[in-house]
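Shown here is one chain on its own, the form predicted alone, set out as structure tokens.
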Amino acid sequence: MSFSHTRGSARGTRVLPAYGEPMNICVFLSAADLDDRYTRPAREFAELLGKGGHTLVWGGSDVGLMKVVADGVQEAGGRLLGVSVDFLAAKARVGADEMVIARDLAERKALLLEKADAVVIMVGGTGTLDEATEILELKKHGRTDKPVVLLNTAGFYDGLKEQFRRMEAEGFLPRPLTELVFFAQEPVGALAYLEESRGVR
């Protein structure tokens, strides 16, 4: 495992991976211990990601749902690229292929987006929402074209989806909602959308 402090920026866009190449998929999600209705689909997505040869880019913690997903990716043969933060470094996963320690949450968020080819938003709390709105704001202003999927496990984001639709209908979004985010109900649909968006299939 490589381990470093670094700094970076989420500005601009990355060159798309060549056809057929695996992706760095950033997953924003909770570090809480959750029940099976949330952990089972998360692990399913993780296994699909790993079997597809992709790299998980995530918050680096080895607890809760973050651990579930990291375990699933690693056990299925995928790589782990973590971006933790100084005050959470003690919870960083020891067995990751690469672990970066950011100085603060703002830098962590920027590095997660910088290192990703695509983004998946899983169930989470205020931190996950903060990360999700950051990438959607960048897309809204044309600062990135990375595909974003919101995995709506067990209807967790039904209310948010309705709010986004209201924003669109009442003129708060300058671009169609479908250009900003794809809503997936199941893990297989989430990964299929990302792979098709990036020409992997």
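This is a predicted model, so every value here is computed, not measured. Throughout, we count residues from 1 along the sequence that is shown.
Here the subject shifts to the form predicted in complex with a small molecule, a form of this protein not shown in this document.
Undergrad: Quick check on residue 110: any heavy atom within 4.5 Å of the small molecule in the model of the complex?
TA: The answer is no: residue 110 has no heavy atom within 4.5 Å of the small molecule.
Undergrad: Just checking whether residue 131 would be counted as a contact of the small molecule in the model of the complex - the rule being heavy atoms within 4.5 angstroms.
TA: Residue 131: yes, in contact with the small molecule in the model of the complex.
Undergrad: Closest heavy atom of residue 82 to the small molecule in the model of the complex, within 4.5 Å or not?
TA: Although the small molecule is absent here, residue 82 would stay clear of it in the model of the complex, with no heavy atoms inside 4.5 Å.
Undergrad: Can you tell me if residue 153 lies within 4.5 angstroms of the small molecule in the model of the complex, counting non-hydrogen atoms only?
TA: Flag for residue 153 set to no.
Undergrad: Heavy atom within 4.5 Å of the small molecule in the model of the complex: which of 49, 70, 29, 149 fits that? Just give me the one.
TA: Comparing distances to the small molecule in the model of the complex, the residue within 4.5 Å is 29.
Undergrad: With the small molecule left out of view, choose which of 144, 55, 39, 61 has a non-hydrogen atom within 4.5 angstroms of it in the model of the complex.
TA: The residue from 144, 55, 39, 61 that makes the contact is 61.
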